[in-house]
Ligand code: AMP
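Only one chain is given next, in structure tokens, and it is the form predicted alone.
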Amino acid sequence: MLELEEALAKILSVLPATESESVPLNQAHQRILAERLLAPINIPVFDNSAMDGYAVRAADVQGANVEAPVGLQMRGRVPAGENFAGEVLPGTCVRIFTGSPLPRGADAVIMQEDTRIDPTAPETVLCLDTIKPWENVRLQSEDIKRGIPLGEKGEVITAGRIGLLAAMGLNEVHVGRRPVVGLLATGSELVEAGQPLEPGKIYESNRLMLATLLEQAGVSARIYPLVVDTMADTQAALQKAMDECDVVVTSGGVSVGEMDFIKSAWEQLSGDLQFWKVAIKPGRPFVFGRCRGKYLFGLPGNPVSAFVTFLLLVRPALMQWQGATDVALPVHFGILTEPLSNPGDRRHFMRVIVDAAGKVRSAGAQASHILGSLAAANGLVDVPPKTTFQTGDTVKVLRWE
């Protein structure tokens, strides 16, 4: 039985080198950058106004106030998307709007709230306040300077980064190829949701749960039909998924019962088993194997065990497959409001709830079949064997959202 870090290191060491592809920017969310990206243009592209008002020379309005306004001659207007052909000369101004290019000669924008029009001279703008040079101006390249890195190889493309890349005029991006992942669930007791539930049967839930976690890891799942507990059915299902996918993730059938066929069926397909069993709770029965360039992750059938082993062992592998440099789960630190105790001899990844104030409490019963506490949880705390974390202790919470 391997320790968690040893098992993960073994998985990561045998995965293939990352392949890459170009995808449209609108399909790039949660993908992994395959190369360093450099800014092709400046942002802002040009000096522009931060608000509606008047482009002025700051020196012209020094000392202006409500009692002693300074009058400027308005020479024209420049809506966003257009350019002013002339120049702001001493004693003049130009009507300007948010995002409008700053006219030549101007070095500030006075807000329209700090001005009024002289009713006896409609072309005269009365400035009611002083202004500093470059006030209310967005300067060219103050956000992004042409040639600086927009993202490094191995980083995740977030929604914010997509906005930045779109502002650069990019319509596609070079990313790591996603593996095609097939999901199988084994068990003659399992029934598809929506079907009548006969005595002794239960509804299958692991595939949809795992498909959601795959999506969060930037990978799409291919869900296969339920597999009954026979060697022939298990072998046929594995063969089909292996033919059509890069990775097969199964739930159930990996323990030592006489109806657990995943390991032996994989070996009959000429696959090898890299290891079986990991010293964690929940999730000790876990299989990792490979066969002719395809990979098997055999998860336990209990839903919490499948959930936890996916997060700790499968997710990092799929992130590395896509080229990610950081494959770890996000971590938050919090303060326990109640003890968490692990009297056993394996590390226990306990389901917890961490609130906005950083207070951490148990999500409920910790047995591996209890879905209620899994649904309530938003984190896991790794409690070592024979250990109790006390109320008030600071703990590291692994997050997955």
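For clarity, every value in this text was computed on a predicted model and none was experimentally measured. The first residue of the shown sequence is 1; numbering continues from there.
The form predicted together with the named molecule exists for this protein as well; it is not shown, and the discussion that follows is about that form.
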Position in contact with the named molecule when the complex is considered in the predicted complex, options 206, 320, 234, 115, heavy atoms within 4.5 Å
206
Listed residue that, although the named molecule is not shown, lies within 4.5 Å of it in the predicted complex (heavy atoms), from 179, 289, 301, 182:
301
Under a 4.5 Å heavy atom criterion, is residue 197 part of the interface with the named molecule in the predicted complex?
no
Contact with the named molecule in the predicted complex for residue 85, defined as at least one heavy atom pair within 4.5 Å: yes or no?
no
If you check in the predicted complex, is residue 186 within 4.5 Å of the named molecule, heavy atoms only?
yes
Any chance residue 251 has a heavy atom within 4.5 Å of the named molecule in the predicted complex?
yes
Location of the named molecule contact in the predicted complex, chosen stretch of 215-223, 301-309, 159-167, 127-135 [non-hydrogen atom, 4.5 Å]:
301-309
Please tell me whether the candidate spot formed by 202, 255 and 260 is one where all three residues come within 4.5 Å of the named molecule in the predicted complex (heavy atoms).
yes
